[in-house]
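The data below hold one chain only, encoded as structure tokens and taken in the form predicted on its own.
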């Protein structure tokens, strides 16, 4: 089995463990092993990984949910969920940037897929709050400016008021952003107010805003809203996105691309 497939299976297990703990708050290793059809040793490794990220606390024979367990998946898990859709969305985003532009890339996993396509744009300037995006250009590629702020480990981003020092003094041709939740009625939402603050600030300083979102985000509403349909110029998603929702965005003069 390939490394990508193995990673994807781990991401699916992590999400199912999170779902179980959200419902019943406690789970035993033998129970999880039976439900997920993997060995107890594999479950113990999964629990160890999830504990490192604050999702749960291991106890003898199992785990209990941490207080305030986040709805947002771990970043490494997010990159494995709907991976092919995210790659197609990232490819469709390329025509919206020029080779000499100054652009903003936020910390979304689909935005990271776009970043990996930009290493052949040395005259591009990328401003980002994402550790993963910055690392993608650590060897070659565009000029990189990293926005400051408090490190949010779950999303691997710098967020909060300190990011204002860079973002408020920079103008972007395009801001490429991701989201945790998306609906026409409730707008674009994320789990963390500090993350929402930084996203909103970047959007406010962009001539054009392009949202990269796979269809699984539709119909979800998270804690903090950072944008509405009126803030968007382009929405790029996949063909599984609900047609009624896409129609509402189109009626609000958002260019919608479903790949």
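Think of the rigid core as the biggest set of C-alphas that the two forms share within 1.5 Å after superposition. Numbering follows the first chain given and starts at 1. Just so it is clear, the structure is predicted and the values come from calculations on it, not from any experiment.
Below, we refer to the form predicted together with the DNA, which is not included among the displayed structures.
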Taking the shortest heavy atom distance, is residue 42 within 4.5 Å of the DNA in the model of the complex?
yes
Does the DNA come within 4.5 Å of any heavy atom of residue 13 in the model of the complex?
yes
Spell out, yes or no, whether the shortest heavy atom distance between residue 52 and the DNA in the model of the complex is within 4.5 Å.
no
Touches the DNA in the model of the complex: residue 204 (any heavy atom, 4.5 Å):
no
Taking the partner as it appears in the model of the complex, which of 30-38, 209-217, 186-194, 225-233 has residues with heavy atoms within 4.5 Å of the DNA?
30-38
Align both forms on the core first, then report whether residue 38 has a C-alpha shift of 2 Å or more between the shown form and the other one.
yes
If you line up the core, does residue 246 shift 2 angstroms or more at its C-alpha between the shown form and the other one?
no
Core-superposed C-alpha of residue 47 shifting 2 Å or more between the shown form and the other one
yes
Just say closer or farther for the C-alpha distance from residue 107 to residue 45 in the model of the complex, relative to the shown form; it changes by 3 Å or more.
farther
